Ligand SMILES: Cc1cc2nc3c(=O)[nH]c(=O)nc-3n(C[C@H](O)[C@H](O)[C@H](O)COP(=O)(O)OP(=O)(O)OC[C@H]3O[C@@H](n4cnc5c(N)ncnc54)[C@H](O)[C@@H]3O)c2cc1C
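Here's a solo chain for you in structure tokens, the form predicted alone.
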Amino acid sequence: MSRQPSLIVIGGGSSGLCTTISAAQHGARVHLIDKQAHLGGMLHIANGEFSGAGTRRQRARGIDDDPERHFADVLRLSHGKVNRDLAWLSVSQQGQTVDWLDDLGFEFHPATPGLVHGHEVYSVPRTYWGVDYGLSVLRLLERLLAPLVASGQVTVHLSTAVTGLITVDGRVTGVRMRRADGSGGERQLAADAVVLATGGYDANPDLRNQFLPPHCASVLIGCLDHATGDGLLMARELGAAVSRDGYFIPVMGLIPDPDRPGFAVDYREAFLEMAPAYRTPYEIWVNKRGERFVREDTTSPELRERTLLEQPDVTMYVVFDEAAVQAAPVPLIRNGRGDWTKQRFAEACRTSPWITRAPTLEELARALGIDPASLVATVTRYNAAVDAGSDPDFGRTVLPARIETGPFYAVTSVAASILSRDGLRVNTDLAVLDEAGNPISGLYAVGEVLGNNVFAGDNYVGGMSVTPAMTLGRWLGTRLATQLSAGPTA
């Protein structure tokens, strides 16, 4: 005889919401716990790009595609370093996830499916996003959750921190939790299984730096503050295995926040547009030695990202002059809202603490802590390349204008981390594994707590963060609800 299974899902981002919704729709009683006062996790700031092949939207646009070709692209872009079993488990179903969203009336951006040039591009357009980016995903998932909460199938515990996992005879049987502000006492909640959907650790620099190459300890934090690695830490207390692949590739173009050392300015507000597909570069990029280090018009995001990792303190300065401020049709600083106009950028060049300004190149260099002679020599050589129409140093072909008209400006940018590369080891049931490779009974994990390396290897691969979170969350929720209805699994 079947029974109503109970499930605890820790974390209310894309993976936790999809797990909860799917499990509840298939008969499970679910407790969804989040330490924040609202659901959504990184969907509040994420572009929310997801990918899938063989979808109705592709066919409607005459795009021939299938999961096998999608997977081949994932392997190419990731240099074959994904977990092939888990990556295929997701990719093989991601087209279904896109069609599922379509069936539910998701607000697709009219440009989708498209090619996204912020990462190395797919061979065909298979990336999608909403009109309001990650918030479009969140709105739809909250709409699906609402009737399940109203019916009592799901109980949501907000502003609630899980302080530990409860085990009985080696099996995870529940959690200890208390209010996130520390008030009140600790209480316990039991369930047939617990799912860790707690996201990443990038806002916890002490933890993050355990997984980064040693010279990358100063990279900026570009994610929201709640990403402190809670699920990874509590699972590790039970002996869970954690990957240490040693992969890191940065996000470029984030601006250090002068009010929060170590953090980036919220990229919903401002970031530097590095991709020439979206903006013609009028600037040069120099390192702390005042030297250019890569062609600024490269169409390879991976090339510029990996080259930045080789620079001192993984830091760069984007240098330009007043003529560029006036001539560039698209401003250097932008955001997802599109409200950085030329006029706003020109005003920021005069007043913003994000931008260093000086009447001469020598003074600009001193303000940045660069050797003035080095920066002047670099700009002089670049100007000669502009005059010749050829860049002998890096092969830049887009050479719109000399840098010679004061005042001169620079925006400092530091390599940034926005998602966790490493994470909990799981099998193809998404059961968390111990150091010996055995499943920890009753404990599962999904989403960024697994680490992005599982789905993207040592690179960024379009849509291979949010989409596996949603796709495998739905898959896990359905599977657990079905299996647990006959009693707790081993």
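Sequential numbering from 1, following the sequence displayed. This one's a predicted model, so the numbers in the text were calculated from it and none came from an experiment.
The next section is about a form of this same protein that is not shown, the form predicted in complex with the named molecule.
Subject >> Proximity of Gly52 to the named molecule in the model of the complex, heavy atoms at 4.5 Å >> reply: Gly52 lies outside the contact set for the named molecule.
Subject >> 4.5 Å heavy atom contact, Arg425 and the named molecule in the model of the complex >> reply: Arg425: no, not in contact with the named molecule in the model of the complex.
Original post:
Is Gly473 one of the residues lying within 4.5 Å of the named molecule in the model of the complex, judged by heavy atom distances?
Top reply: Heavy-atom contact with the named molecule at 4.5 Å: absent for Gly473.
**OP:** Find out whether any non-hydrogen atom of Met464 is located within 4.5 angstroms of the named molecule in the model of the complex, and reply yes or no.
**Re:** Yes, contact at 4.5 Å.
Original post:
Which one, Leu144, Met234, Ala324, Leu212, lies within 4.5 Å of the named molecule in the model of the complex by heavy atoms?
Top reply: Looking at the other structure, the residue within range turns out to be Met234.
Subject >> Sole residue of Leu135, Leu189, Ala161, Ile355 within 4.5 Å of the named molecule in the model of the complex, by heavy atom >> reply: Here the answer is residue option Ala161.
Subject >> Per-stretch contact check against the named molecule in the model of the complex, the hit in 34-42, 437-445, 52-60, 66-74 (non-hydrogen atom, 4.5 angstroms) >> reply: Selected range: 34-42.
**OP:** For the heavy atom contacts within 4.5 Å of the named molecule in the model of the complex, list the residues of 410-431 involved, in sequence order.
**Re:** The stretch touches the partner through Ile418, Leu419.
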